[in-house]
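One chain is shown next in structure tokens, namely the form predicted alone.
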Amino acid sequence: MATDFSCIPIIDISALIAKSDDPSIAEDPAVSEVVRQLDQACREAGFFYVKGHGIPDTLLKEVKDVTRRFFQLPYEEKTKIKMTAATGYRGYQRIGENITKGVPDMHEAIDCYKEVTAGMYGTLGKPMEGCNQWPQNPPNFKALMEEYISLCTGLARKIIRGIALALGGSPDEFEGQRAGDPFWVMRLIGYPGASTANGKPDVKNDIGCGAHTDYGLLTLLNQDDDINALQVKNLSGEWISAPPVPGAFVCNIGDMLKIYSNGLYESTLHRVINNSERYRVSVVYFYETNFDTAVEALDTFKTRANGPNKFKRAVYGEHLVSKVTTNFVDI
């Protein structure tokens, strides 16, 4: 809720993608323009679209199509990969099983996380230990999603390098102990359409996903191209629509980046209401810090200029576990 923004900006990041690993990236005029736009978007809205990101449109469509095919399966088939605490909170949850601030969300989903082996993060990581549950049907599901996750990880890292520059740091600010070994989360979500009465949608404004902020650094949302459901809250309390832009990701910053930026960048409240009569699919990838990282404000001239540290140090893994273990009913 940084400002009274009225729309979500679209940023062409192709120059940043092309130069992301160039040692002289900060001196490139085209990159500097992308960095300026990222800084403005993160300060004013905490949300932005990215185009020119390099991930093929065909792949963006295919992951949504395969996700939709899974959700069209009979309930008994979907629950073969049912989420439980024993699976490290990975797998399928039915409509209404995910809750936001105590209220059931009107969506079904598959949750996937970076796999955590026994003892990998000690006691801190114990609740998240496990392997992802990939459905056998559709048959190409696992291979496709793992390819997609790899590409999203690379893309998010490049955007974060631009955001590091926007905060007045070096492009490597988030490497090493901060996010050199980034945790990731992916949610494959299906939102039922509004029911119909007399051949017309019966709009009830059911909350597909309640108002929340994201937990980590950066979110990449791949949403259906023809259904408008995502809403972002501005400073005046207005819900601003974030309609689909074909071929573009919707990006937003999360709680950990809010801390790193010392409050310069806001992890903005957002929600989903699907008033279309059609089923909506979204594939959401979350790029996080290292799991066991203690997050505190970066030491850059921009963060220092924003006054003393505004937030206590937060361990990302603790933040994630506190959310995951309270997000579901009957788990």
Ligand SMILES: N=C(N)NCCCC[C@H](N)C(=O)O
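Residue positions are given as counts along the sequence shown, with the first one as 1. What you are looking at is a predicted structure, and each value in this text was computed from that prediction instead of being measured.
Keep in mind that the form predicted in complex with this ligand is missing from the display, and what follows is about it.
Asks: Which of 233-241, 164-172, 95-103, 125-133 has heavy atoms within 4.5 Å of this ligand in the model of the complex?
Replies: Going by heavy atoms within 4.5 Å, the stretch is 95-103.
Asks: Can you check whether Cys209 is within 4.5 Å of this ligand in the model of the complex, heavy atom basis?
Replies: Result yes; Cys209 sits at the interface with this ligand in the model of the complex.
Asks: I'd like to know whether Arg178 contacts this ligand in the model of the complex, with contact meaning heavy atoms within 4.5 angstroms.
Replies: Arg178: no contact with this ligand in the model of the complex.
Asks: Classify Tyr215 as contacting or not contacting this ligand in the model of the complex by the rule of any non-hydrogen atom within 4.5 angstroms, answering yes or no.
Replies: It does: once this ligand is placed as it appears in the model of the complex, Tyr215 has a heavy atom within 4.5 Å of it.
Asks: Can any non-hydrogen atom of Arg187 be found within 4.5 angstroms of this ligand in the model of the complex?
Replies: Yes, contact at 4.5 Å.
Asks: Within 4.5 Å of this ligand in the model of the complex, which residues of 141-164 have a heavy atom? Give them in sequence order, or say none.
Replies: If the 4.5 Å heavy-atom criterion is applied to this ligand in the model of the complex, 141-164 yields nothing.
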